[in-house]
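Quick setup: one chain, the form predicted alone, written in structure tokens, and binding and motion questions come after.
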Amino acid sequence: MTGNRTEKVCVLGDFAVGKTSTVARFVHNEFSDKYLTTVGVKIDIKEVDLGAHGSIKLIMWDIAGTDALDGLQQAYLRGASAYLLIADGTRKETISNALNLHRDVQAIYGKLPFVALVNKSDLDSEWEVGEDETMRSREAGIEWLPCSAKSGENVENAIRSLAATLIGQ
């Protein structure tokens, strides 16, 4: 299938898990140590070339951090084709909160394609996420991929994989 499509991808996760940094790494290939709280939603766009399968323009909706979807966040999700679920490997409670967000999305919008990332793999000495958290996630149908918005580890590949799913590759 060739063509040029545009798809809305929402970025979900708890406060300070690195959603904005992950999007900045993917869209602009940059990272900043400055923490800026996202208020509402921040939108970025990147076209992804998938070779013979064409290209897809991803409109990345970086939604303010939360552990449960409120009415405004539900409105931001409306029309999304997929989502990124991001947790912070240095704060294990963000995995549970991400599971809650995942359940909320499925209950409201059905089974949308998604990729689950555990960010901050570059901080392995501070890592808190263990087998208990990943086991609960597997039971909920989530396979976490470690990533680092700082180093770029797995960010591009994970989002390109999601883009390929959206284009039907």
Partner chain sequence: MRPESERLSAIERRLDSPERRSDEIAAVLPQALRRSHERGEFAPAIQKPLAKIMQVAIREEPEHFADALFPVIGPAIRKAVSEAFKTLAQQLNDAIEHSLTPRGLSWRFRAWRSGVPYSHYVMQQTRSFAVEQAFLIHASSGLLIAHAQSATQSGRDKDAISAMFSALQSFVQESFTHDNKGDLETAELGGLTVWAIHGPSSILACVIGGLPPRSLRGELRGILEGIEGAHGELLRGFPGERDVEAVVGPTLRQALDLRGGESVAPAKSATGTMKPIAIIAGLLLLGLLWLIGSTILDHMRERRLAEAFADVPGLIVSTLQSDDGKIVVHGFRDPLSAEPVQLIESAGADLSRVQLKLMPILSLDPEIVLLRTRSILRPPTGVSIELVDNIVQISGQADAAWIEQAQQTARSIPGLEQAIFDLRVNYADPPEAAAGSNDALDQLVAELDGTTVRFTEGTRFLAGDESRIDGLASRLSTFINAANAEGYEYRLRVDGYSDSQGPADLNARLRQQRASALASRLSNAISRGGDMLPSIAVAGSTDADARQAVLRVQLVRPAPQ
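Just so you know, these numbers come straight off a predicted model, no measurement behind them. Numbering follows the first chain given and starts at 1.
Keep in mind the form predicted in complex with its partner chain is missing from the figure; the text below concerns it.
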item	value
Position in contact with its partner chain when the complex is considered in the model of the complex, options I59, L50, I142, V27, heavy atoms within 4.5 Å	I59
Region of this chain that lies against its partner chain in the model of the complex, out of 115 to 123, 100 to 108, 66 to 74, 129 to 137 [heavy atom, 4.5 Å]	66 to 74
Its partner chain contact in the model of the complex: T165, any heavy atom under 4.5 Å	no
